[in-house]
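Take a look at this single chain, the form predicted on its own, given in structure tokens.
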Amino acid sequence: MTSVQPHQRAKALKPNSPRPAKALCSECGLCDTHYIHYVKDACAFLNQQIAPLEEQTHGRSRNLENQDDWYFGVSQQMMAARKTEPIAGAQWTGIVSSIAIEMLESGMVEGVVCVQNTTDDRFQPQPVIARNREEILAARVNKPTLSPNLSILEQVEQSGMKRLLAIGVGCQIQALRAVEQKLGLEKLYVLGTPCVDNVTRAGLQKFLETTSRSPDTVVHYEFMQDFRVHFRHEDGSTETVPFFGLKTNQLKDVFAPSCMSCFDYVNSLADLVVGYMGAPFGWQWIVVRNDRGQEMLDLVQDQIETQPVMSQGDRRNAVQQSIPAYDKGVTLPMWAAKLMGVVIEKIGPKGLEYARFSIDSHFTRNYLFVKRNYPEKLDAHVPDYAKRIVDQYKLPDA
């Protein structure tokens, strides 16, 4: 990376003051710093610029003649993986935490931007710059709420560190890439997770109370490849709820408007992505986007087992049927939801086809949201690859 370019400074916004993106703000934290000077260019919801930032980050943008690029972005390789010795208390097996620890302890980086939780709320995010193994492990488990990860950018600048690992989701990483050259870093590594449907803390509470048998004891949850929401409770027990049994009529408005207008589910601008959506149940999906991502993955090759990605089934009918069902807030009786879940698990999409199902379902929903609520933004805000995905389906009238 070249030496830092002088950058403009502006006064950070005060807490709870209106943000430039207004209702679409994802609370990424950029506006909490003097980097707010760049918000009109950097914010994913004011200036969608995935294609040029892919070129800047990976050396090329997506090839729109390649359908895998539409869905999964620029990549060198994809695989399924899991740790042979999982980290206790990790949401899955702990691949993200392991990579961060190895990068820090090997000296590749001097700090890791990650998200712990506040002392009084297990789901309230608290971004930190981790400097040791214990601080990284304290950040394990996803925080399914809007998180101001970039609020620590001034701390990065003041620290004098030159090599940094940032862990984050798509909207945060787009803003980070937009100001990357202003940070004074010699090397920035980005480890991304796929992200969809985050909520405010109040929205999360409504989701838990509407969906789980014991909302106050949930430690973490995830929408998984078996078409069920998996909850883990404090006592170690698990609870599953079929997707089709969710009280959609009560939850339609719980997701943040930024998430309802996002088209970067797969974290296009990270160097390395670790999630679950393209892998068999119990495994993690890994996407290496560039050489930096390969450097990161190489550090844990002796800690993981891998297998090739696979794809099975056909998502298209299921996606087409889900569009009006979500649009009308259809909620099935639990017996019917469980039965449908069993059938779809047996004959439905798996592996990369499940990932496409999830992307299609959310992109069609989000396209309708933007078209109905922000029609003036529709053409510029929806990336070309997302338009191609949406064009495969018949949408209801706006």
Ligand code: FAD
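The structure displayed is predicted, hence computed values, not measured ones. In case it trips you up, residue 1 is the first one in the sequence shown, and so on.
As for the form predicted together with the named molecule, it is not shown, yet the points below apply to it.
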| task | Check whether residue 226 has any heavy atom within 4.5 Å of a heavy atom of the named molecule in the predicted bound form, and answer yes or no. | result | no
| field | Any non-hydrogen atom of residue 293 within 4.5 angstroms of the named molecule in the predicted bound form | value | no
| message | I'd like to check something about residue 239: if you look in the predicted bound form, is any of its heavy atoms closer than or equal to 4.5 Å to a heavy atom of the named molecule? | response | no
| query | Looking at the partner-bound form in the predicted bound form, is residue 172 within 4.5 Å of the named molecule by any heavy atom? | reply | yes
| Interface residue in the predicted bound form among 189, 244, 92, 207, criterion: non-hydrogen atom within 4.5 angstroms of the named molecule | 92
| request: Scan 96, 109, 319, 153 and let me know which has any heavy atom within 4.5 Å of the named molecule in the predicted bound form. | output: 96
| message | Looking at 231-239, 136-144, 153-161, 207-215, which stretch has residues with any non-hydrogen atom within 4.5 Å of the named molecule in the predicted bound form? | response | 136-144
| From first to last in sequence, which residues of 267-305 have any non-hydrogen atom within 4.5 angstroms of the named molecule in the predicted bound form? | 274, 275, 276, 277, 284
